[in-house]
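This document starts with two versions of one protein chain, written out as structure tokens and named structure 1 and structure 2.
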Structure 1
Amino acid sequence: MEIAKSKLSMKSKLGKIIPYLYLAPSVILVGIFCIYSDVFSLIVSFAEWDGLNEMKFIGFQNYMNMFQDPNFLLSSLNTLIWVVGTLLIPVAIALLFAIAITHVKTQSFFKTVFYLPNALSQTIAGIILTTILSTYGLPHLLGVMGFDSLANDWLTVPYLNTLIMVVSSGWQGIGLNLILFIVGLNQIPKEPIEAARIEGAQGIKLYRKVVLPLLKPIMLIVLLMSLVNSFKSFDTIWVMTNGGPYRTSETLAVTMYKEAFVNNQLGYGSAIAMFLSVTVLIISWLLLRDTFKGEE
């Protein structure tokens, strides 16, 4: 009797542990690589370290320097431009295109064309667009055609180049979101739409009132994915302008990389990385916490 009881409690204990085993592979792998690296960077962010000599701990000095560094402030501003730009092109325009595509017969043709740049890596896409947009590319063509005032290297014009790069990365990155939106739109049940139409909803109003709310779950994925990636924008800028001229087109990720690996100030670079990550973490949490309500 006693033995049977303890066996039972053993079993129920085991039963409580088993669900966690489902989590184990993911948690272990992410723990070893991501969490370990995050903690490593957190420690380094409190130190002065060139990657060669011993670390020297200096408390919050890196963080204090960061908020007084004009380069950091400018790159924060640039990062904001990237975030807004990403919400406009790869999200809003992707949605517009997706809606348009669901209205035409040659869906898969348009899908493929708009997805095409996405098959390229950001680096390759960046190299291609750099060639097209720099001295001997489009500006040269316009110069030959007589528009001399446009015939200079657009990517070396401070501030304008950030806008050009946002559009370029939109060209490259619209594909994934477009696919997700089309999937979402195709999945929307017909009944609520028909019902709304009978009530007289048409065009934009129909979309605003009925379709978009139904698209919310896909929207969440797209929005979060795009936001996270836009905060971390790096490859396109690194390839197209290297953050220049004179650091005017740097984003936080580029500033972080430059400080850490070009200027060999790993501590300062890590501090910027921590700032960036915490910002993204907070935004993610704000967007996601609703979906966990009532879960526990």
Structure 2
Amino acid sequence: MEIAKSKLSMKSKLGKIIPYLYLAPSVILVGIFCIYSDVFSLIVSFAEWDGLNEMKFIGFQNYMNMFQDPNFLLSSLNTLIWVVGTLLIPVAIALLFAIAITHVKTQSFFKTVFYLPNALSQTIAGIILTTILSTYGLPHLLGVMGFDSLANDWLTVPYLNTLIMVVSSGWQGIGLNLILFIVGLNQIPKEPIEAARIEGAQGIKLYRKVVLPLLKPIMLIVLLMSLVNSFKSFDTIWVMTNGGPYRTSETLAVTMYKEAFVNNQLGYGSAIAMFLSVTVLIISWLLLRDTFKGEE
């Protein structure tokens, strides 16, 4: 009897341990590639290091240099432009189209059309758009048509190139956001909307007072995804302008990469990475704090 009881206890203990063993590979990978990398980057951000020679700790000097660096300040401004563009294009436009086609019979067709650009990688989309906007592409065609002032390489014009890249990235992001908004709209119960209509709410007032508040959980997810993507914008910029001309189209992600892996200033690049990470964490907390309070 005692042997049988001991076997049962061993099996119960193994039964409790086995689920954790399934999780162990993922936990180990996350620990190595995420947690360890973050901690190491934080340490390196307080040092002067080129990746080859001995690491020299310099305290907060990298962070002080960061806020005095014109390239960092310009890339911060460009990142802000990306954030604003992300709110206007892939979020606002996706919401408007979702409201417009929610009850349309050809909804599946529109969802497919809007989602197709999302199937392209940002690198491929960037290469295609670069070819179209090169000197021998659309600008050349406009020049032939008599618009000589437009017959130049648009991607070499500061700020114009940033706006073009923001629109390109936003165009790709509309599809996923559109589908998420449609899912959210379809989950809204009909009773509150019917009650609001009985009370006299119609059109914009109905959506502002009833629909949008009920859509808030999905809106938070879309906003958070879009904002995080805007802060880590890299692929489109690297393919289309490489941050140029004269580093005028860099975002924080591109500046971080260039300083760390092109200029071999790993300490300075890590400081920019820490600043970017903390900024994203703060914005994420500000967006989700009401959700956490509601769960409490």
Partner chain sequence: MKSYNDRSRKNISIFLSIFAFLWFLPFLYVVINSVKSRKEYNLGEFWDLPKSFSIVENFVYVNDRIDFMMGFLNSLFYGAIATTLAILFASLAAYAISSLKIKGKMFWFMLIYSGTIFPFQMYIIPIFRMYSNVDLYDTKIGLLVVYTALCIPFCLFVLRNYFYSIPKELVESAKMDGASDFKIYLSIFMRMAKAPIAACFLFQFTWVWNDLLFGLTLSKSAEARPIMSSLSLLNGAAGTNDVPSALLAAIIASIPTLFIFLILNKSFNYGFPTTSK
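For the two forms, the rigid core is made up of the largest set of C-alpha atoms that agree within 1.5 Å on superposition. Since the structure is predicted, the reported quantities are computational estimates derived from the model, not experimental observations. By convention here, residues take numbers in order along the sequence of structure 1, the first being 1.
Practice task
Eyeball the pair and call it: which is the form predicted alone?
Solution key: Structure 2, not 1.
Handout entry: Core-superposed C-alpha of residue 281 shifting 2 Å or more between structure 1 and structure 2
Key = Comparing forms between structure 1 and structure 2, the residue 281 CA shifts below 2 Å.
Problem - Is_shifted residue 37 between structure 1 and structure 2 (CA, 2 Å cut-off, rigid core) - result: Comparing forms between structure 1 and structure 2, the residue 37 CA shifts below 2 Å.
Handout entry: residue 26 C-alpha relocation of at least 2 Å between structure 1 and structure 2, rigid core basis
Key = It does, since the residue 26 C-alpha is displaced 2 Å or more between structure 1 and structure 2 after the core fit.
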